[in-house]
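Before any questions on binding or motion, here is one chain by itself as structure tokens, the form predicted on its own.
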């Protein structure tokens, strides 16, 4: 049976980690870059700010790359299904970079109009990053075998990886809300707190995914 080969599952996991996360980062950075090009056309002196905002959605790709390297290091020692699940976890959660790119593009546009809003725009733009961090956390826990329950060692690990990975897609919705909140805050800074509340609501679903992933890794239900 093909899935009895642990090296195959590890290779697929490494591919998912760097491939899907890279896809999310590429789209997110492209969205921000398009906004940045427009800003530079108006004022070339804004280049440093364009680079800072465009760098934000690229971190998900770095997370995927790091997990792919880690999988290669534990190729012959980590549980095979854990390697596959780790790749799915950080890869799917890395698609949150699309939402981060949308928020960063809005932040860049607002900062080009009013430099004093830079800090507030960064806060909103960073929010979708947390979903990717959840995916990275679960990936590392699976690979270093912190949890030794049967859920973390067998095919059930896939449930943990897919749970936190797909829930990480909530970062796209969070980025859309954050972009709207940046626009509102640019017009009236007193509404920032309410904007944060709206933006954070999408994060609830990512926390649900993280919770279920941890329960699976603890092997509570097995």
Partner chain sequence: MRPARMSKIRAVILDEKVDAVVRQLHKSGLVELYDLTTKLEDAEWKTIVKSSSSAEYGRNVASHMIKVNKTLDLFSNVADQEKVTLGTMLNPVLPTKKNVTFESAEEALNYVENIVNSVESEVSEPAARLSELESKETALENLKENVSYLTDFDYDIKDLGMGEYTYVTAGILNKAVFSEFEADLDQLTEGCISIAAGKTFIDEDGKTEKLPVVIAMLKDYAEVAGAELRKHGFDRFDINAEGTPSNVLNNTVSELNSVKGEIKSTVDKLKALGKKWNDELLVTYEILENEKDRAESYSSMGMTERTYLIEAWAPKFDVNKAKEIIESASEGYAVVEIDEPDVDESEIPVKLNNSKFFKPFEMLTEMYSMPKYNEIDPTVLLLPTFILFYGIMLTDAFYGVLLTIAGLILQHRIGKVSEGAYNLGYILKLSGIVTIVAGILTGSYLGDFALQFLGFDIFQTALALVNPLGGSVYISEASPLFEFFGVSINNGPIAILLFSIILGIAHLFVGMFLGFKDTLKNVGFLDAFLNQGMWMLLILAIIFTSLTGNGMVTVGVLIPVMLLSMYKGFKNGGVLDAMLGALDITGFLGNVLSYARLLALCLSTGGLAMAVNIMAGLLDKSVPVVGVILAVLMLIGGHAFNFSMNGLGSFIHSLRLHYVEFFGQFYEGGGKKFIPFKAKKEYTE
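Residue numbers count along the first chain shown, from 1. Model, not experiment: these values are computed from the prediction.
A second form of this protein, the form predicted together with its partner chain, is not displayed here; the remarks below concern that form.
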Can you tell me if residue 136 lies within 4.5 angstroms of its partner chain in the predicted bound form, counting non-hydrogen atoms only?
yes
State yes or no: in the predicted bound form, is some non-hydrogen atom of residue 70 no more than 4.5 angstroms from a non-hydrogen atom of its partner chain?
yes
Whether residue 18 contacts its partner chain in the predicted bound form should be assessed with a 4.5 Å heavy atom distance threshold; does it?
no
Hey, in the predicted bound form, does residue 112 get a heavy atom within 4.5 angstroms of its partner chain?
no
Which of 125 to 133, 88 to 96, 75 to 83, 102 to 110 lies within 4.5 Å of its partner chain in the predicted bound form, heavy atoms considered? The stretch 125 to 133
Only one of 66, 40, 27, 155 gets a heavy atom within 4.5 Å of its partner chain in the predicted bound form. Which one?
66
Pick from 196, 176, 184, 162: which has a non-hydrogen atom within 4.5 Å of its partner chain in the predicted bound form?
196
Which residues from 180 to 207 come close to its partner chain in the predicted bound form, meaning a heavy atom within 4.5 Å?
189, 192, 193, 196, 200, 203, 204, 207
